[in-house]
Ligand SMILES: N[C@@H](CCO)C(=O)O
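Let's start with one chain on its own, the form predicted alone, as structure tokens.
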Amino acid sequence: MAKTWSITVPGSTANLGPGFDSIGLALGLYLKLEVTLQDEWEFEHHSVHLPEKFTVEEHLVYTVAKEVAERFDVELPGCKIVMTSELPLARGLGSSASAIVAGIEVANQVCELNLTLEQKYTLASRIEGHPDNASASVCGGLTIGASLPNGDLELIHTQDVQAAFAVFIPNVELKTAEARKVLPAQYDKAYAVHASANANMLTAALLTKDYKRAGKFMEHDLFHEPFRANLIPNYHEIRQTAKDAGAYGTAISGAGPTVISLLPIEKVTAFVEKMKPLFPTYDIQAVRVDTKGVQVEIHETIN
């Protein structure tokens, strides 16, 4: 019997404004892999969102799978991986995090590691460097995480998000490393207190499903958006136009350049149709919240 593993990983948005490097939300845009065992590693891409040229050794899915196998002192067998993706690269929709989660799941399946959900999101967050996008892609729904001084990760997650989102995806990339360069090295005390209060209010509003208030605080970030705004095409225009059209709030998705609006579920379709002619150079989509996280189906065939 030959096995094929079908692995589906949702993309994600991070921060939602002031929830900097802590809040993540899984979105219904997916990275999909078909994995079979063979002697040598091979990747086959079927998506405009994936790179055309690369070596196996530099592919993030491979490097993460290899790292996880070495961490558990097992040998990573050769695999053929056929990949498709709905996630544009370097747009703030969790393309790197989804690849990290995919790599962990590949190692988990082909090496029979039997990782728990907690092990998966802890590994993913450590590899990515912060507990937002990766945790959301593992768990689905809304995640709020913090790393403790001893390296442990504390995570709260809920799949019950009764709101919808619209994403404005520009045809330009913005690497996270570049977006981080514009941030201050430090904040003064009063400024940091104000910024943290806004993050606390965003978190409380999301968990109590007060989405109107959540939208308000999405637009009151002080940690990163004031410094990244000039890197985001049409940032101010989109925020104001979206608000005028009924969005609760709009924020940079992750490090950008995509921006994301929070809306009532019943209004998101009409909202997107209204925005498309106003911003014709953007790919504007209504996206649901993914509630399942990483999923695996195993198919067995007779050789």
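The first residue of the shown sequence is 1; numbering continues from there. The structure displayed is predicted, hence computed values, not measured ones.
Keep in mind that the form predicted in complex with the named molecule is not shown, yet the notes after this line are about it.
(message) If I superpose the C-alphas around the site and drop in the named molecule as it sits in the predicted complex, do 3 or more of its atoms land within 2.4 Å of a backbone or C-beta atom here, i.e. is the pocket blocked or open?
(response) Output flag = open.
(request) Have a look at 161 to 169, 175 to 183, 188 to 196, 229 to 237 and name the one stretch with heavy atoms inside 4.5 Å of the named molecule in the predicted complex. (result) Heavy-atom contact with the partner occurs in 175 to 183.
(message) With a cut-off of 4.5 Å between heavy atoms, is Phe20 one of the residues that contacts the named molecule in the predicted complex?
(response) Judged by the heavy-atom cut-off of 4.5 Å, Phe20 is in contact with the named molecule in the predicted complex.
(message) Against the named molecule in the predicted complex, would His130 count as a contact residue? Criterion: heavy atoms within 4.5 Å.
(response) Yes.
(message) Under a 4.5 Å heavy atom criterion, is Val9 part of the interface with the named molecule in the predicted complex?
(response) Answer no; every heavy atom of Val9 is more than 4.5 Å from the named molecule in the predicted complex.
(request) May I ask you to state whether Ala255 is within 4.5 Å of the named molecule in the predicted complex, using heavy atom distances? (result) Although the named molecule is absent here, Ala255 would touch it in the predicted complex, with heavy atoms inside 4.5 Å.
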